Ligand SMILES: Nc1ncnc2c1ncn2[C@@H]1O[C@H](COP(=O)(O)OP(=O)(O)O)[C@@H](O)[C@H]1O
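Okay, here we've got a single chain as structure tokens, the form predicted alone, with questions on binding and movement later.
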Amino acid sequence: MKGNEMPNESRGTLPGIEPAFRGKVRDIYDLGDRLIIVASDRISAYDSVLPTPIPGKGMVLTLLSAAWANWLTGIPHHILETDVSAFPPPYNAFTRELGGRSMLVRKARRIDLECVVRGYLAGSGWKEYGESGAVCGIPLPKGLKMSDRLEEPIFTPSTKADSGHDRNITIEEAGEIAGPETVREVRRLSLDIYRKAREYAAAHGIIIADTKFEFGFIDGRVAVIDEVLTPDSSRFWLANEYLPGESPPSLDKQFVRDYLDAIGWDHNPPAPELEEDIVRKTSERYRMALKSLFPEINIERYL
């Protein structure tokens, strides 16, 4: 199986309707000026889709994204509806297949940047800091440890690759891709959303170490698109287990990356199957993130 080829058992295609686009995790159905985005249970790591799905994962991504979009009042986003019965036909007939894992959204003109905000030093940021003392051209104080909280969150954009690796870039390089004015606006929105969400999450026992957003233009205005503050797009740590200098236990797909590294996978396709225990624990972590952040949401009603 090639790196971005989808495992047959986890495609999640609607009977008789092929999506206009199938990504690593999402299937997208084009309705003209609107889209239906379906989050599958597929999971990707190191640019490959793994052959083993994670039960309930797509629902967690969708329910969290919708909950954050509703909570972040005043932040423009593309979501129109998550109630499948309100979708246009024939999609409104697929309540079992789409319930809890789909969104009807406005179509946007995508800005080709990954808008990453880091509040803690982890992942590729920690690696880059170790090599240069900076992240995406932003100098940081000397002597920081892995997982240290930064004095102020930083905006560190990367390229947006449909396949292969995203690449960390400077603000100036981002401006060359999207235009300086657009970069100023997505930077402002990214930091604003992160700061608000970090405070909310902290009150619920979760540290949002870093996250990434995608934006697009809708009616000439920059709006959040795709997923928002999920375990796929963010690094979630349990606050009561956080310790600077160590990599804290996570409620995101870092757990799967760590497993793949532990078994010695060289990151080249085909990706290996996940053991049953890893699948169960990953599913538990995703659901714990949802339950911790928005306890009023009952994922069981969709299962």
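Bear in mind that the values here come from a model prediction, so they are computed numbers and not experimental data. Numbering starts at 1 and follows the sequence shown. Think of the rigid core as the biggest set of C-alphas that the two forms share within 1.5 Å after superposition.
Omitted from view is the form predicted in complex with the ligand, to which the following refers.
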| query | finding |
| --- | --- |
| Contact residue in the model of the complex, from A69, L274, L35, M59 (heavy atom within 4.5 Å of the ligand) | L35 |
| R149, D210 and K253 each touching the ligand in the model of the complex (heavy atom, 4.5 Å) | no |
| K107: touches the ligand in the model of the complex, heavy atom cutoff 4.5 angstroms | yes |
| K160, heavy atom within 4.5 angstroms of the ligand in the model of the complex | yes |
| Distance check, L260 to the ligand in the model of the complex, heavy atom within 4.5 Å | no |
| In the model of the complex, I28 touching the ligand (heavy atom, 4.5 Å) | yes |
| Stretch from 138 to 146, 87 to 95, 202 to 210, 225 to 233 whose residues place a heavy atom within 4.5 Å of the ligand in the model of the complex | 225 to 233 |
| C-alpha of R26 moved at least 2 Å between this form and the one not shown on rigid core | no |
| Large Cα shift (2 Å or above) at K253 between this form and the one not shown, core-fitted | yes |
